[in-house]
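So here's one chain in two forms, each on its own in C-alpha cells, numbered structure 1 and structure 2.
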Structure 1
Amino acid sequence: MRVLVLCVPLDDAELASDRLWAAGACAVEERAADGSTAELRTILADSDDVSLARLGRLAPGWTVSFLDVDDAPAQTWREFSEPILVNDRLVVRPAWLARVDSPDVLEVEIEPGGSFGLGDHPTTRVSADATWRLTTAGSRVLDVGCGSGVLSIIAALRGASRVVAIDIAEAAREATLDNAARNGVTDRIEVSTSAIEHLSGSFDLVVANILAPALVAMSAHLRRLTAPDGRLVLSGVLAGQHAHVIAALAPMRVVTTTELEGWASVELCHT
C-alpha cells in the first residue's frame, strides 16, 4: 500500500489535514516530526501521480513523499465508522454496517475502498444535501471528481434521467461502478476518466466537490456545461476564502452559500 506523507509547518497542520480530507482521504494520521513540523499520512489513490493530482498544488513549505506499508493496520478505521446523516431523509451507510431500515429514509450504501472517503467530510455532506435537494425526476446531472460515486448515486436514486460521473483516477471509476451496483443504479450512471473539456451538452445540475485550484482551472467548462436554467454546486473550498473561485465563474451569480465546519458549498446559476 502506498501511503502519502505530507510534511508541513506545525501551524499549517489543521489546514493540511483539511486539504487531505477534501482530496478524498478516508483517514489522516498526524505525527509530530519535530518541534516545528507536522507529518500527516493518508492514502488518496492507487498511484502516486493520481494522489498528487488529487492533492493539488502545495503551499510554500509543504513537501510530499510516499511510503510502502502493510495495509492491515490502515483498515482499523472501519471499526469506528457510523452511518452519516446527511439530512432527515438521507443516510450514507458504510457497506459493512447493518441497514438502518427506516421507510422514511433513503440509504446509500458506500464501500470507499482504500482511496476515497465515506461521505463524512463536510464538503461531501453539503454536496450530498445539495444533490438531494436539486435533483428532480428527469434531471441531467454531472458529478465532477466523483470519487466513490456517492453524489452520482444520490442523483440516480432521486430520479435523474442521466448521470455522468468523471474522475481522473481509474480507481474512482471502479469504485463508482462498484457502488452503483450496490445501490442498483448501474444502468443510470455513465462513469469514465474523461477530462471535463471532452464533455458536451448541458446539465441541469453540475456538482464539483474538488479543491479550489482545480475549480478555477476548469471554470470555463463548468459554466459551459451548466444548462441556462441549471445549477452549479461547488464545494471543496474554505469558508471565507473562495472569492477567487466565484470570480473565475463570472458572470454566473451566487444563489446561496452553505458553510459547515469551516468549509463552504456554493450554489450558482447563470445570470
Structure 2
Amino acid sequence: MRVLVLCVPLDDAELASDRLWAAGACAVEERAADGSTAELRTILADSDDVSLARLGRLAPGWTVSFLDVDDAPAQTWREFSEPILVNDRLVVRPAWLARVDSPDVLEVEIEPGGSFGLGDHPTTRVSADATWRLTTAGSRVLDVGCGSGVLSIIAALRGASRVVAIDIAEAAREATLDNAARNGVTDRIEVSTSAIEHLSGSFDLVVANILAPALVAMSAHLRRLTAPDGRLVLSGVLAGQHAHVIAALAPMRVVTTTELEGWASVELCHT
C-alpha cells in the first residue's frame, strides 16, 4: 500500500486536509509531527505520479513523501463488519459475508477494495436510503464520487434505465465495475473517471456524497445536470454547517434535510 505523507505548517493543517479530501482521499490521518508541523497521511493512488498530479501545486512550506505500508493490519476491520440495514427493505452486505436472503429485501453485495462506500458510514446510509426512495423504473441517475459504486448499484437494482458513475479515483472506477458485476447490473452503469464538467445530459436523480469544499466547487454542474423536475441529493456535509453549500446551489431549493450521527443529507429541486 502506497501512503502519501504531506507535511505542512500546523496552521495549514485544515487547509491541507481539505485539499486531500478534494483530491479523492477516503480517509486522512493527522499526526502532530512536532510543535510546528502537522503530518497528514492518506492514499490517493497506486502511482506516486498520479497522486502528485491529483494533489496539485503545493503551498510554500508543504512537502510530500511516500511510504510503503503493509496493509494486512489495516484489513482486520473486515472480521468485525456486518450487513448494514439501510431501511427495512434494503441491506448492503459486505461481499465476504453470507447472504441475508430475507424476503422483500433488496440485498446489495459490496467489496469496497481500496475505495470508500461499504455502506456503514452515516453519509452512505442516508444517501443509499435517498437513492432507494427516489429511483423509479426508467430513472436516469448520476452518482458523483461513486466510491465502491454502492449508490449506483442500488439505483440500477431499483430499475434505473441509465446510471452514470464518476469518481476522480481510479480505485473507485475499478471497485464500481467489480461491484456492478457482482450485482448483475454491469449493462446499466457507465463508470469513468471523467470530470463532472465534461458530462452532459439531464438526470432525474443526482447523488453526490462528497465533502463540502468539493460540492461547492462543482455546484454549477450539479445544478446543470439535475433535470428540471429532478432531485439532487447531497451528503458528506456536516449537520448545521452546510448553509454555504445550499447557497452555492441557489436558486435550487431544499426539499428536505435528514441528519444522521452529525452528518446531513440534503435533497434539493429546481422549483
Ligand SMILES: C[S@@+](CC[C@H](N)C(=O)[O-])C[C@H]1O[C@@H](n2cnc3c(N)ncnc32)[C@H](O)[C@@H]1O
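All residue numbers here follow the sequence of structure 1, with the first residue given the number 1. Computed from a predicted structure; not experimentally measured. Whichever C-alpha set is largest while still superposing within 1.5 Å between the two forms counts as the rigid core.
Each structure shows the same chain on its own, and structure 1 is the form predicted on its own. Superposition of the core reveals a Cα shift of less than 2 Å for Gly262 between structures 1 and 2. Taking the rigid core as reference, the CA displacement of Arg41 between structures 1 and 2 comes to 6.6 Å.
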